[in-house]
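The data below hold one chain only, encoded as structure tokens and taken in the form predicted on its own.
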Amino acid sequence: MMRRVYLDYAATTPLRLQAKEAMLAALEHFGNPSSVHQYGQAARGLLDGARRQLADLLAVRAERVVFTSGGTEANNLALRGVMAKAPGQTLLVSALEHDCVRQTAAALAQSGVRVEEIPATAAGVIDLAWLTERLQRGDVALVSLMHANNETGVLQPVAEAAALAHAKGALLHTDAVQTVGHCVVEPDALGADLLTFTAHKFGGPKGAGALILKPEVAMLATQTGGAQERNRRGGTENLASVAGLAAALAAALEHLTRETEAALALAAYLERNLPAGVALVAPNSPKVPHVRQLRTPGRKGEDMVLKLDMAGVATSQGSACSSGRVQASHVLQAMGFDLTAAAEGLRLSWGWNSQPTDLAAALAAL
């Protein structure tokens, strides 16, 4: 029987035991956290406890945490919510962003919001010189820049961009989906006014995420119908998933040193043993430990993903949200690759449950 290997942790991860146990315990509390009776208040206590735990792990106050259904909703809330309070001003979005940010920006542009794209360099980071010059001209309400790119793993200069934005009266939002749970991430240390992430990237459940925002950020709720989350996100909270989110992040950070060392060892092993003709994208740029993008010149990334899957190795071209659509990577295009080269990307990513034999199997299959 073929041994199957999973190297698509950047898309989603196996559920940690700690998250599963927390979710099962939370399922015993069926009350609505907004109800005033004892069933509701028991659920409220669990929800508040998860919020405090999450806030402590991220070094923020609990009232700054807004629970959402995941990263996509959190990013929508951040961009739409801020721009709704900033009529006539501009949204700057990096050319490297995940589609849930790019498409939200495109939808805002169609509704009349001025949106401009921050270009990227060949190294896979944004052009800070361009951002500096654009901010000098004013009228920018929000800069959206991901913490680490989901395809290449390249870390972005978020703190530097935040300082530039703040100097000109703009806010900064960072999509930290690929760094929370994989690195030490503190919104205030980054200078982020709004930070978003999702549980299932670090061993938590799908369907749970959060937006962390500073108290002074003016934002309009985009999901209405209730006063939940301090009137910032209507809808009865997903108690079991929220409990799983907090437990997964606690476990990820508890084991962060060991898991980081293991992830870096796997990255080094991959990079040392790449087959001839396979290239690492952005080889000299700082990256998260667990994501590497390769190029297979002359072979489409889509074909490589399918062939590797037939060989028992699960990989991807990039964002799972774009799977099923054959297209060149917008990230690679932003870095200067032509359409043909931008379709040759292959992403490998690993995580808390990965083993050295997984990378060995992938290299053999490659």
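Just so you know, these numbers come straight off a predicted model, no measurement behind them. In case it trips you up, residue 1 is the first one in the sequence shown, and so on.
This next part talks about the form predicted together with a small molecule, which is not shown.
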- request: Using heavy atoms only and a 4.5 Å cut-off, decide whether all three of T72, C100 and V177 touch the small molecule in the predicted complex.
  value: yes
statement: Partner contact check in the predicted complex: of 223-231, 92-100, 254-262, 129-137, the stretch with a heavy atom within 4.5 Å of the small molecule is 92-100
The single option of A78, M146, A192, A248 touching the small molecule in the predicted complex, heavy atom within 4.5 Å: M146
- request: State yes or no: in the predicted complex, is some non-hydrogen atom of H200 no more than 4.5 angstroms from a non-hydrogen atom of the small molecule?
  value: yes
query: Would T152 sit within 4.5 Å of the small molecule in the predicted complex, counting heavy atoms only?
result: no
